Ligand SMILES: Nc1ncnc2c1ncn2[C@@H]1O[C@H](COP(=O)(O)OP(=O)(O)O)[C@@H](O)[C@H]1O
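Below you will find one chain, with nothing else, as structure tokens; this is the form predicted on its own, and questions on how it binds or moves follow later.
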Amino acid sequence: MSQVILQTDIPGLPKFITGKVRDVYDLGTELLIVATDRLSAFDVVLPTGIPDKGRVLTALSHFWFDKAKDIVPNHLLASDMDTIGARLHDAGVVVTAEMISMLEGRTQLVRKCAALPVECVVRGYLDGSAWKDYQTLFGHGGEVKLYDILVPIGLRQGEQFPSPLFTPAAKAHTGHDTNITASQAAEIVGEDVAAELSTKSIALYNFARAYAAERGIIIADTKFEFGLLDGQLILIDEVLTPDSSRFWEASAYKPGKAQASFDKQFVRDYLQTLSWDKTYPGPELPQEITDKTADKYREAYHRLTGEELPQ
């Protein structure tokens, strides 16, 4: 088992941004994205890390970037430490063995682009915030428009939509992103870009859902992030990981209840049993919870790729 990494520091290299999970460093026309083992729940970064989590997120993103490159190009340049080490050296960084050990398996060298301020959510099944919103709307009777999309009445939690829904969200600098309609997304990024975001997001989801189904996993929903590079739309950040998607065990799937999942829902369920008020600071997680969560992430990687997580 690899060392749990909660914070990173690369002396001499400025940080571009620190996210809930990722530390991003500025390399001029490129970025270095390091996925830590931090875990957030209810928009709070917890003090306990999940072993191998950052490595799973990185390896699985690389897997999907390669699988989906014919659908949409992506920002990935390199993930091998020879290339990354050489790039850091060129930037004036003193590269040490300890630094390489810290970055190994959890780092992406990517093209810097103009990230779009819209998160592209695709929902194939009714759950999460959409399930909460649907219950409120359905209570009024008659037809149901979920984020301005007409959907059937009487759906149960976890039930499949007739076709996937593109339900974007406006990115928030802090806290939770806000669900918006496709027309509101068009007001933010323009109609042409919004239309392309919808088309590419649904195409990616349909491709990934079919692939995962052959491996006994249902991708209930997911979120993509895109940027513009020289006017071209490219896929960025992470893609189709247990952090950005709901992965369900197909053999146990039964609509009308919460589903067995391969994501951090296991941690959320545990936190719901506590008296914690879901504000900072979050509680420490017991060893049993971190171990089981790590196993969920590793199993998702193995089931989808057919391989064990690289050591």
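Residues carry their position along the shown sequence, with the first being 1. Please read these numbers as outputs of a predicted model, since none were measured by experiment.
Beyond the structure shown, there is the form predicted in complex with this ligand, which is absent from this document and is the topic of what follows.
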**Report entry** this ligand in the model of the complex reached by all of G19, R22 and D237, non-hydrogen atom within 4.5 Å
**Finding:** yes
Requested in this report: Work out which of A68, L31, L46, A59 lies within 4.5 Å of this ligand in the model of the complex, going by heavy atoms.
Outcome: L31
Requested in this report: Could you work out which of A169, I188, I149, C113 is the residue within 4.5 angstroms of this ligand in the model of the complex, going by heavy atoms?
Outcome: C113
Report summary line: Given 103 to 111, 86 to 94, 201 to 209, 156 to 164, the stretch touching this ligand in the model of the complex at heavy atoms within 4.5 Å is 103 to 111
Query raised in the report: Are any of the heavy atoms in E225 no more than 4.5 Å from a heavy atom of this ligand in the model of the complex?
Result: yes
Report task. Counting only non-hydrogen atoms and a 4.5 Å cut-off, give the residues of 70 to 87 close to this ligand in the model of the complex. Result -> H75
